[in-house]
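In the form predicted alone, a lone chain appears below as structure tokens.
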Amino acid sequence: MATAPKSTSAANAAPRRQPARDIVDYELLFDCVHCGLCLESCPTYVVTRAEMDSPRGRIYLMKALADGAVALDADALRHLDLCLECRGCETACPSGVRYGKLIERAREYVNRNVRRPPLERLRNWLIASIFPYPERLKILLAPLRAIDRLGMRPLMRRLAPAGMRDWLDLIPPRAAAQPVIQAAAPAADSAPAAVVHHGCVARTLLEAENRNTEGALAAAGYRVVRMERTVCCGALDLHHGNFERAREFARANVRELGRHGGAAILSAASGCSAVLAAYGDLLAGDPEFAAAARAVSAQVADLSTLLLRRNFNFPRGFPAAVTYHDSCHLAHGLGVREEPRRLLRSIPGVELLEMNESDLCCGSAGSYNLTEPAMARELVRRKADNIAATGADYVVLGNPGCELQIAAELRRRGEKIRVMHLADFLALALSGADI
């Protein structure tokens, strides 16, 4: 029997060379057509104007490393380390390049093949050993809280080394009590359910964000269900290429969230929400958890979207000039941009003032402001300039890391602009208070 001839293009196509090193998912590299549309969306490129500090440059570097054309030397490592993994390039890319997945795998390879200097290893060990565990973080911060109660933080800041001052600035000072949203009555059992993953940083430093996220959901008619056991979402490990512990955290959360099948799943930390939405991919190769992880990912939602879905409204006006900062993983990871703005505009009296570069990373990026303080400081200065230029009274956002980073810079400048999570701002608007 005669067979159909192969097409000319298929017959003449040269076989693709296989990688020499298992650095990334090699086929994903070829989605990039090197058009350069991602460059101006990349925070590090915007600051350095260096091609190798852009997504396109880093993809060239990953391919050269995979092909064995270059060594993983200090220069190559520096360009990979400097990436914030904000995923702004994914929003800009017309070809759908999965850059976040590429950089995470590249960092896993780095972890296996690079021995860091002793101080870097110590710093990274401390971050990995403390930040995903809220109780450990509370113990670490207890002395600072005692110093705050004695009013001695300004003195401690003057005496601390410059690097330590930046870390201290990120810890918010003791503040007045935040308004808390209270639902008029418990929702009926037939009401749509929602469960809030409380995260690590929010649970330790900004617990009002969790309370007000749940309060807003309850006020909108959702039946809020509580997780019995909450562990880290795994974001810190995933972004640093520590896949095994990220999967351990993911399995624990999937097991717990699976008990609330059908409930919308969200976090006050947009970075956590984006990782929860990635569990289906992260655990795709786990026969026990793959299906449940896909179900969890499909249920991840955003606070503003859920409130708009229930026609959440405000009984009184709250006159305020507000600007909105797009937290990276909310905008670029989950694609949520307009919904928080629509919700803010629905508050009588609120004037929403758009800032320049609203979706450019502030430099927080998980633990980036601890591991790359110089670049993080450049980015938060740029962000603070854009915020101040709006003349707003409040800057509202959807991620606690962004809140800590931006608030620290505004305090250093003596600015009176208040930085607030969306849930806390809703509580303020509903209370009518101006605290």
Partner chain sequence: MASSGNSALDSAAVAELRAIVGDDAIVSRPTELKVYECDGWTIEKSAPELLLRPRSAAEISAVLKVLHRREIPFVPRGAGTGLSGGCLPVGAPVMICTSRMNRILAIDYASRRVEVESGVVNLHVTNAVRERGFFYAPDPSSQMACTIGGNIAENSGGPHTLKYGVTTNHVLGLEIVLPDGEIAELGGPAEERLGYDLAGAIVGAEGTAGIVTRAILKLTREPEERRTLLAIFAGVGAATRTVSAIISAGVIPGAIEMMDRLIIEAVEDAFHAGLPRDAGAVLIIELDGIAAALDAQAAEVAELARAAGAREVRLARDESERAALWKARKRAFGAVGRLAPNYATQDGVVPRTRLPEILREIAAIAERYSLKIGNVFHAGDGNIHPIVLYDERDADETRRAIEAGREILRACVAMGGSLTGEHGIGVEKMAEMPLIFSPDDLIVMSELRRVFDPEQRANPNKVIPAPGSCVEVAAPRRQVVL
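Predicted model only: the values in this text are computed from it and were never measured. Numbering follows the first chain given and starts at 1.
Beyond what is shown, the protein has a form predicted together with its partner chain; the following relates to that form.
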Self-check item: Listed residue that, although its partner chain is not shown, lies within 4.5 Å of it in the model of the complex (heavy atoms), from L308, A92, A218, M156
Solution: A92
Practice problem: Classify A71 as contacting or not contacting its partner chain in the model of the complex by the rule of any non-hydrogen atom within 4.5 angstroms, answering yes or no. | Solution: yes
Quiz item: Can you check whether L404 is within 4.5 Å of its partner chain in the model of the complex, heavy atom basis?
Solution: no
Quiz prompt | Interface membership of D281, its partner chain in the model of the complex, 4.5 Å heavy atom rule | solution = no
Exercise. Consider K63 of the chain shown here, and say whether it contacts its partner chain in the model of the complex, taking contact as heavy atoms within 4.5 Å.
Key: yes
Practice problem: Spell it out for me: taking its partner chain in the model of the complex, does every residue among F30, Y45 and G96 have a heavy atom no farther than 4.5 Å from it? | Solution: yes
Quiz item: Pick from 391-399, 406-414, 36-44, 368-376: which stretch has non-hydrogen atoms within 4.5 Å of its partner chain in the model of the complex?
Solution: 36-44
